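Next comes just one chain, in structure tokens: the form predicted on its own.
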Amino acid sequence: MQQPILVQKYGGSSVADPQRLKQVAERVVAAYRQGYRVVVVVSAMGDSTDHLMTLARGMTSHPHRRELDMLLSAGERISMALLSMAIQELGCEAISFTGSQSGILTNDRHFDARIIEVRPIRIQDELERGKIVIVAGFQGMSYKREITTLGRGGSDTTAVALAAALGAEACEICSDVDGIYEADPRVIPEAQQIASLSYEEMEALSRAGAKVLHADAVAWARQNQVALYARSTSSTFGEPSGTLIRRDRDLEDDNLMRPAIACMNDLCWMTLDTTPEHHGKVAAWWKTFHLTPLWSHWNPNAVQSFFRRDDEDLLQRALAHAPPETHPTLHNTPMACISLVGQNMSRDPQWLSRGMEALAAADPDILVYQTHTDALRASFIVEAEHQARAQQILYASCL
């Protein structure tokens, strides 16, 4: 019987310097020596991706996305090679691969590509030879044979996609936090760790702003039934720890109906003073510039839309080409979206009403610009300067 495959992913803070890389190498080797065939996905070291972005913006205020991919993909390649060296120093054979060498095929969008297929032939060959395989996360190759990157958090998606393609027993997402909490413990220190979540709950939390796991990675795990763990890099391999994401939560969990809180605090806000006969022009304009709003509310006299602040440069360029009938305004006020996430949120109006009442009663300066609900979320959009206070109020009143 073949040894089971384990995929581990280590984030940028876990590989930020040579000492931390050596600690990761020790944890990887511990898994290998406990009988696993190990594939490790790594992010770029520390803030190196931000540093590379700064270099790009030093050349031009609007870097071409293809050249950004060529530049940014270098960060993960540095991590993979150094970790491979550290593992070899511990007496185990290791080999590093880029995303394209690993068989990760994507669409042809640069800077935010999506994985369409994984052909891990070279990885399988090296696992059969008894080697530990290190893979550069966040990147792949398009069907046009171009280097592509997967957007922020893309290394998580790399790890889960590889775990699915390899039939891995589990995928560990290791970072500087020890699991998923019912709220951000940096904002709400009394928040409790969650032992397990369903794929749907975790995906909703991630899309609402929880930073520990990337939403696309959770979607891959759900589609392929990959057992997913969020764990601390400093945890001892083999000891129970962290949060398990799986198909169903434990029905005996006392907190099954207790929502969790997530926050997106990097939103920008656009309004368009336009009428329904021009809505089609708005949609066509967005399509031309590859703009995808997080939320849009189409009213008879206006369209209100919220985008990630990462898209602000693209929005500024798009404004120069907006249809004159739309009268767009990109507001300067940074916005945040605070969400209550849990089972059947949209079916129970108490959560929305309790949240609105609590925010209004506790702090009249916190204005709710919009609300949004779906099956697992009740969201409140407020000015970003109030996001921490709003989270604390919702935690005290709703959890």
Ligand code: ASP
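Numbering starts at 1 and runs along the sequence shown. Since we're looking at a predicted model, the values are computed, not measured.
Absent from the display: the form predicted together with the named molecule. The rest refers to it.
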| query | finding |
| --- | --- |
| One stretch from 101-109, 149-157, 282-290, 297-305 that, in the predicted bound form, holds residues within 4.5 Å of the named molecule by heavy atom | 149-157 |
| The single option of Leu340, Met335, Leu359, Ala44 touching the named molecule in the predicted bound form, heavy atom within 4.5 Å | Ala44 |
| Distance check, Thr49 to the named molecule in the predicted bound form, heavy atom within 4.5 Å | yes |
| Heavy atom within 4.5 Å of the named molecule in the predicted bound form - qualifying residues of 68-91 | Glu76 |
